[in-house]
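Next up: just one chain, as structure tokens, the form predicted on its own.
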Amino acid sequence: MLSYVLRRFFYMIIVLLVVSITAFVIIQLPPGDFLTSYIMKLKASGQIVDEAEIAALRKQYDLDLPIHLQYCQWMWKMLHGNFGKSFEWNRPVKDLILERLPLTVTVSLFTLIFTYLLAIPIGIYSATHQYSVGDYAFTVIGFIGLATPRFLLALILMFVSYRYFGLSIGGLFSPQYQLAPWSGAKFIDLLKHLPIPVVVIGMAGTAGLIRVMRGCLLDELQKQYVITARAKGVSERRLLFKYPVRVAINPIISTIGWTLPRIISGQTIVAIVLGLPTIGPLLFRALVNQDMYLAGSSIMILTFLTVIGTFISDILLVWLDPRIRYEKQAR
């Protein structure tokens, strides 16, 4: 088991390195850079741009170096805890990300918990009550959840809450708490604002996981070992949760690797609509403005979440399914 964990850590380092190179090159592919766009805006407004100042800015942000040297400089600084400086915000990238990371993680974790706590029980119910009224109802709701764009659902909820209840659900804090220091009252205010973003972001994932859980469990319930266990008098509840559910839940557990970054990157449009101070809108703005250090660092965080999520899902699969554990030991 220890050798498997160490091997996985080694693979994680390789993946992070490859993704960092790919992301940095792709961000640099569009013609020009942030300074080029910024200078064009200044000239369009009639301001005089000093060439010496432009050269100094290019040297300050390492834009005068070839792309491979820019990457090496960025990675060397990142290994020492320096993620570079944002062109647009004129602030260290590390500070910008740390400001939004706690709220991003909070929204993501609550969404993940909401998704799994809702999807797994409903999937089990739908499989064990196949073609019942409840199964049909959850199927219809699931298809609606998959088909409805999340930003549209956010707009509908915002309209309904404001039109009929007089409530504004934008952001994660009330106006009086947005700039206030953390306190018990601010934390309670955060909890009051969390349900809407969590429901909107998690709706599509919940609907999809319900269908996966239902299909996998239906397949397991028709297998011979289940029929034999029933014939031997094993109670239905014990049989269900000891064998078929543990096997059927494997595809759900294996999705943790891509669920974590999908929640963060997939919530970007929802976060813009709801005005959430998370990393998604920050990454979107950095990509539009070619703020390469901010965009690259944000992508690295998403990649890190992906590999960590995949690592966690692999460990959980080995723990839940003895067959996988045996295969790992056999290798």
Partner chain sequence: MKNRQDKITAEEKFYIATQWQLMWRKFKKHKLAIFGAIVLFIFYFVAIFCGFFSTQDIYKRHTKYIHAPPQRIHFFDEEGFHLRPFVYGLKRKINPVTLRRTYSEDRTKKYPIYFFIRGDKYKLWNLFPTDLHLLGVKEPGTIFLFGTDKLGRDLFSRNLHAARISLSIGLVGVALSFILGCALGGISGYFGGTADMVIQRVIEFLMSIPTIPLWMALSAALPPHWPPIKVYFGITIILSIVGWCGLARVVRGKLLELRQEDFVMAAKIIGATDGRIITRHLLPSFLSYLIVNITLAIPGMILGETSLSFLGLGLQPPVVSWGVLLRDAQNVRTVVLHPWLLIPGLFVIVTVLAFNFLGDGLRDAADPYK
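Bear in mind that the values here come from a model prediction, so they are computed numbers and not experimental data. Basically, rigid core = biggest C-alpha set you can superpose within 1.5 Å across the two forms. Numbering follows the first chain given and starts at 1.
The form predicted in complex with its partner chain is left out here; the points below concern that form.
Residue-level contacts in the predicted complex: of Y71, F151, F110, Y125, one residue has a heavy atom within 4.5 Å of its partner chain, and it is F151. Of the residues F165, W182, F159, W76, just one reaches its partner chain in the predicted complex with a heavy atom at 4.5 Å or closer; this is F159. Residue contact check for A147: one or more of its heavy atoms lie within 4.5 Å of its partner chain in the predicted complex.
Under a 4.5 angstroms non-hydrogen atom cutoff, its partner chain in the predicted complex lacks L65 among its neighbouring residues. Its partner chain in the predicted complex comes within 4.5 Å of a heavy atom belonging to F143. Although the partner is absent from this view, Y11 contacts its partner chain in the predicted complex, with a non-hydrogen atom inside 4.5 angstroms. By the 4.5 Å heavy atom rule, the three marked residues I39, L57 and S297 all fail to count as contacting its partner chain in the predicted complex. Along 289-306, these residues reach a heavy atom to within 4.5 Å of its partner chain in the predicted complex: Q290, I299, L302, T303, T306. Core-superposed comparison between this form and the one not shown: the Cα of M292 travels 2 Å or more.
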